[in-house]
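Here we start with a single chain on its own, the form predicted alone, put down as structure tokens.
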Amino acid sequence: MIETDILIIGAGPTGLFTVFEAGLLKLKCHLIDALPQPGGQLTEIYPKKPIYDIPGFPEVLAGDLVKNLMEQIEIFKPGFTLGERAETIEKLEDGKFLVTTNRGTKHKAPIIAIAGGLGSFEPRKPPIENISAFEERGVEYMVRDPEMFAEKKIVISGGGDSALDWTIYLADLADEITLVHRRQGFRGAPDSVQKVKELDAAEKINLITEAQVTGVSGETALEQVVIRKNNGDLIEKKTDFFIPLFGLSPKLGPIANWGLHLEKNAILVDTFDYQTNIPGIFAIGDINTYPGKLKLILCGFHEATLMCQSAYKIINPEKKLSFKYTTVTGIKGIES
């Protein structure tokens, strides 16, 4: 049995920062995550992708942000249960919660912080009949290590930020890169759209719009894709990798069965402290919803900060919480 003050479900950036805010209040944390390493989507999907809206960092790679968060919380010695999914939750007679994972690991805590990002997620796959035969043999649904695409021929499909950003990032790394989108217009940031068009004009990438990849083929690995234009014309293109980037299909997974109030696959919370309809269970980060919600990492950090203040009062009802700035208290010597 693992016992802690705050049990955090989800070890993404919001979950990790919760450890820091809780640590300042001398509350101990333990994190559960189905992924084999901390960082959530930042580690699993786009560790080499730059992020621009973290205060104090004009630009930081997603993987480096996770590294910095891990360094920031090291002093508080959080526990981790990785590679396991939180499966069931039970309210005990002493008022605490018992959370059991899919592998039977039991965790006990008076406070639960659900920081599961989008929940469990899987990539949206294009409707190509035999595409599963080439998965991890030339078909990749996310870019984990950009170096594997160095000096290779790549076809990317999609019209959102991920497709645009990776096309721009890989343009100088790949031998040849083709971006295919079914429309003329794109859904991504205007500056990214402009950059892609400039790369196409400079013949650094091939941009094919009003078209879709409809076929994949090869002997033991991917060798070719078929691109169908909206006018019916077919293009057979030799390639080493096909990367369809159509976003993720989020699912709450077992959390959906915990008796929480839900709205459109997200957990409803009170914006006073991001507590759910079950006292003692909070939801922070992308997994929650409320009027005006923005799914940004920096918003998750704010939510985690307020949540920890309420968590302290629940755990220590007899103590008065005196807020102090870290510039006054410092960090050295603070241990949970």
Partner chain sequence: MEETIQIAVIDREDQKHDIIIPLDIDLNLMEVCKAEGLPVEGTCGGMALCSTCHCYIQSNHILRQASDAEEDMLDQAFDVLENSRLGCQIKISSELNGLVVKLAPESL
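Between two forms, the rigid core is the largest collection of C-alphas that superpose within 1.5 Å. Remember, it's a predicted structure, so these values are computed and weren't measured experimentally. Numbering follows the first chain given and starts at 1.
Omitted here: the form predicted in complex with the partner chain. The next part is about that form.
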- Report whether the minimum heavy atom distance between residue 107 and the partner chain in the predicted complex is within 4.5 Å. no
- Message: Is residue 138 near the partner chain? Define near as a heavy atom within 4.5 Å, in the predicted complex.
- Response: no
- Is residue 238 close enough to the partner chain in the predicted complex to count, meaning some heavy atom within 4.5 Å? no
- Message: I'd like to know whether residue 207 contacts the partner chain in the predicted complex, with contact meaning heavy atoms within 4.5 angstroms.
- Response: no
- Of 144 to 152, 190 to 198, 69 to 77, 177 to 185, which is the one stretch near the partner chain in the predicted complex, taking non-hydrogen atoms within 4.5 angstroms as near? 177 to 185
- Note on the structure: Students should find that, of 169, 258, 246, 97, the residue having a non-hydrogen atom no more than 4.5 angstroms from the partner chain in the predicted complex is 246
- With the partner chain left out of view, which of 302, 293, 49, 28 would have a heavy atom within 4.5 Å of it in the predicted complex? 49
- Judged by heavy atom distances of 4.5 Å or less, which residues of 152 to 177 approach the partner chain in the predicted complex? 159
- Item | Cα displacement of residue 96 between this form and the one not shown reaching 2 Å, rigid core superposed | no
- Cα of residue 259 displaced 2 Å or more between this form and the one not shown, core superposed? no
- Distance direction in the predicted complex for the C-alpha atoms of residue 189 and residue 298, relative to the displayed form (3 angstroms or more): farther
- Task: Look at the CA atoms of residue 141 and residue 81: state whether they lie closer or farther apart in the predicted complex than in this form, given a difference of 3 Å or more.
- Result: closer
